[in-house]
Ligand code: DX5
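Just the one chain here, the form predicted on its own, laid out as structure tokens.
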Amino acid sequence: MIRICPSILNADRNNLASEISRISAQSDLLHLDVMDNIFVPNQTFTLEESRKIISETPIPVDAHLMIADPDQSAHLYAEAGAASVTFHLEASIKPVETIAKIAAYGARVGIALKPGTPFHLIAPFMSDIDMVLIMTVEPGFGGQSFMRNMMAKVEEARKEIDTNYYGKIWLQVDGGISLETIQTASAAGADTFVAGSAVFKADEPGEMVNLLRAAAAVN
């Protein structure tokens, strides 16, 4: 199954409701990038702003937390109603506890890996999570170029998921996903795709979601 998750990082922040309405019918989830200007050098949505977006968005929200304190606050996004909450392994001191706290609110749990973090470090937590997010750019800003050298990590993750967790764990990629790159990521094994600039800078964002889904399905 192919899932397309438009990221509002590149949407018009002054007209978010309108922007989201343009892609809701075609999208599987809305990707909410939360940055704190500590873990990454950019700041996006506060917890209160995120709560408002989650409560008002007509489709499930996929919260990606690029924050320095996921152990203290990741579960609050699940409590707010996010369908999926992903935190970075690099920022977590107590990942097992954080996974359990998110799951307690009924949200899917994801763990994200920055480009420099090897896949094998996630092994102890695979049985307790629902999604692996392989970053295909350095987290912090939208509009970056797709890192093709991350496909080896995606392939490694795909092999592990298919061998031991088939049907349970989604494999998401985030960063530089476009009509030119989504087939590459899909061929490597990704099934869940975050696209920001490609969607919200298109003349018809909803139609772009359809085109991305079709391109990913070619493989």
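All residue numbers are counted from 1 along the displayed sequence. Keep in mind that this is a model prediction, so the values were computed, not measured.
Unshown form predicted together with ligand DX5; subsequent notes refer to it.
- Under a 4.5 angstroms non-hydrogen atom cutoff, ligand DX5 in the predicted bound form lacks residue 209 among its neighbouring residues.
- For the chain shown alone, residue 135 is a contact residue for ligand DX5 in the predicted bound form, at least one non-hydrogen atom being within 4.5 angstroms.
- Contact check for residue 61: every heavy atom lies farther than 4.5 Å from ligand DX5 in the predicted bound form.
- Contact annotation for residue 144: at least one heavy atom lies within 4.5 Å of ligand DX5 in the predicted bound form.
- Checking 66, 154, 182, 30 against ligand DX5 in the predicted bound form, a heavy atom within 4.5 Å turns up for just one residue: 66.
- Stretch 188-196 is the answer when you ask which of 48-56, 158-166, 22-30, 188-196 has residues with heavy atoms within 4.5 Å of ligand DX5 in the predicted bound form.
- Annotation for 1-40: interface residues with ligand DX5 in the predicted bound form are 7, 9, 31, 33, 35 [heavy atom within 4.5 Å].
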